[in-house]
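Quick setup: one chain, the form predicted alone, written in structure tokens, and binding and motion questions come after.
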């Protein structure tokens, strides 16, 4: 099997699997209990918080069920808490539905929303900051686009936005960017299963001094801001994944260069990922062959890629339009997303099977 769909999800690393199973067996107490088993579980959670904060900065970590909950908590929680600061949201046209749909819901409720596309701005970070005014309550922007790998310099973006309006809250969806690019934000959303951790666990980083209204009400766990009994075993798995993440930009760049060179020898390949994209994600269109047909042809050879976001279930991507990709090319787009274990030999097998698919299916 050749797995090249790591932007959709990653294979859990051995350390994360061991952490989950060991914790389930040896540390199953409720972290809210006052006895020794509860205290042991709380120690696991505290250790994971420290590990994440070491990567993200001074602030607090709230464990969630995943990035969707983290995004919803940050967006709805910020608007409810800081509503007096304005009625405007600045975001992008490339956001994942986990951020785009909550913002659309707030727009229905009366918030003014500005959506910017990378294709329209040479300096995208400056363009986002320029859209901020004295009525801008929130900026929400993904660090790395999940379909093309387009990377936003969110550290620079944060500085520019705060310089324009220090009261504007900045939310960063870092699902694809965590551990891969430098991050900064008032809220940062992350997901375990994108970094070789378990599914069903994510986190929301909240910068020191920033507040938010809780999305969930219940038993008051996690400082009454994220109720629900903490899944200690999943939190342990997330920490293990962070500690043992092996992806390196230099290695991904080598792999991308190898893949692009091999694909360039085929006729009718158009690259949708540019130099502004992280190297572990390569999106390209195959002229004359629909994505779904090529995807299933590769699957028959046990080669697994994607035609876009896994959440879209094969639908033509609307996000690619934000990068100037026409519908005809979006309909034939393939996304290859690599991990630390990806090899040049696997990429060569992929390209050889794409060549065979072109010969078979192109019209």
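Positions refer to the first chain, counted from 1. Being a predicted model, the structure only gives us computed values, none of them experimental.
Below, we refer to the form predicted in complex with a small molecule, which is not included among the displayed structures.
- For a residue to qualify, one of its non-hydrogen atoms must sit within 4.5 Å of the small molecule in the predicted complex; none of 270, 294 and 332 qualifies.
- Out of the listed residues 226, 180, 96, 256, 96 is the one that sits within 4.5 Å of the small molecule in the predicted complex by at least one heavy atom.
- Note on the partner interface in the predicted complex: the residue among 139, 142, 236, 204 having a heavy atom within 4.5 angstroms of the small molecule is 142.
- Partner contacts here mean any heavy atom within 4.5 Å of the small molecule in the predicted complex, and among 38 to 46, 63 to 71, 25 to 33, 294 to 302 they occur only in 63 to 71.
- Contact annotation for residue 191: at least one heavy atom lies within 4.5 Å of the small molecule in the predicted complex.
- For residue 195, no non-hydrogen atom is located within 4.5 Å of the small molecule in the predicted complex, even though that partner is not displayed.
- In the predicted complex, the small molecule lies farther than 4.5 Å from every heavy atom of residue 286.
- Although the partner is absent from this view, residue 148 stays clear of the small molecule in the predicted complex, with no non-hydrogen atom inside 4.5 angstroms.
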